[in-house]
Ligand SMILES: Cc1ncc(COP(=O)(O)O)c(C=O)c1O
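Single chain ahead, written as structure tokens, the form predicted alone.
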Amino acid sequence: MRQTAHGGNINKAAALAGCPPSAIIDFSASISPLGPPRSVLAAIESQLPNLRHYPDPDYRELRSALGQFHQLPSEWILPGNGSAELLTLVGKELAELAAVNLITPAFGDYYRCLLAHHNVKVLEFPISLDRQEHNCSAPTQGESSPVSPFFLNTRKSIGEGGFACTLYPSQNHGLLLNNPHNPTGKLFLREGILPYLKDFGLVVVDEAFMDFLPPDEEQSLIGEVQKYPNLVILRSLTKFYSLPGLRLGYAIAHPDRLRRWQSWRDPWPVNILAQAAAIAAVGDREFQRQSWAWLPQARKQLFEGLANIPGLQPLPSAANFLLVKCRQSSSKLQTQLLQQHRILIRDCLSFPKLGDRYFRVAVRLSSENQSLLNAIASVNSL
């Protein structure tokens, strides 16, 4: 069984660096540096007196707010204790199929949710990561670098211009993918995914990073969910709103499926503070606009800075992180940056196919991005 790992283990990093956690600049977890929004903090504080009460087990107010946000009836939405809990429920359904198609490299938690069910058959389909098969110029401001990943063939291919793999659709198979793709940051076009909704028994699209794209660029399938009872969309409030410690995500799917999931899980998975935070977050239009304005330029700065360092090859990304191919060991680089500069990057040992020659970094504030670039250049010159 593969290692399941996440970025953001600040306490472990601080122990290795010999400093308090607050001294670490964390590029390992792809969390926005702009949040949490003030509106969210105020909403949490307002609900402190209500901690003496149990949460509403039906989460009616929260589901109503999310429904208005996505223009869906509330019964099509199920809040969860982060995407991790919802992935566990997804895994239980996918395990009932003959096999699950998984595009790799893939988020490690997908393996956890699938391999928890010993009879599940996982079919891995790697995408190309060859630098010559990508357009590696830095994305311009507002550019989302979309790729059209799916073509209708007997053997269906994901990818264009080399970003490709081949799937074998079947009604007794499931398809699990994320968009934008983690860890490459590639954005798949909505039109490319749609044909697969007719070919697989269950299609699960993890849109944990879709919030980072403004409405005119995003490629969400939420608008299609009422047409396809075999489609499940997963969303997270962790990354965009900087709330990993609160644990809140939600699934969008047919109400019959969500009622079945509700019967499987423990009561009250979402606490009162998380409910209040989520309602405030999706209603904070100003924070959303600020985030969409910040990311393209900050990502461009980091991309160009990394591309100018000998031995590093960043891949274009539509998300708030960059995958970087490096000439030296990424584990060694991670240790050097941590011990010498108190900067934490994400190695990619937990991603199949990537190994010790790739690392991933979050896009942070301009001054922090520059600190990372200076630190890597310093270590690289030794």
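Sequential numbering from 1, following the sequence displayed. Every value quoted in this text rests on a predicted model; they were computed, and no experiment measured them.
Below, we turn to the form predicted together with the named molecule, even though it does not appear here.
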{"query": "Distance check, Phe209 to the named molecule in the model of the complex, heavy atom within 4.5 Å", "finding": "yes"}
{"query": "Non-hydrogen atom contact Lys239 with the named molecule in the model of the complex at 4.5 angstroms", "finding": "yes"}
{"query": "The named molecule contact in the model of the complex: Leu72, any heavy atom under 4.5 Å", "finding": "no"}
{"query": "In the model of the complex, Ala84 touching the named molecule (heavy atom, 4.5 Å)", "finding": "yes"}
{"query": "Position in contact with the named molecule when the complex is considered in the model of the complex, options Asn182, Asn101, Gln275, Ser291, heavy atoms within 4.5 Å", "finding": "Asn182"}
{"query": "Contact residue in the model of the complex, from Arg247, Arg265, Arg190, His117 (heavy atom within 4.5 Å of the named molecule)", "finding": "Arg247"}
{"query": "Joint contact, Phe107, Tyr110 and Asn178 to the named molecule in the model of the complex, by non-hydrogen atom at 4.5 Å", "finding": "yes"}
{"query": "Heavy atom contact within 4.5 Å of the named molecule in the model of the complex, the stretch among 118-126, 277-285, 221-229, 201-209", "finding": "201-209"}
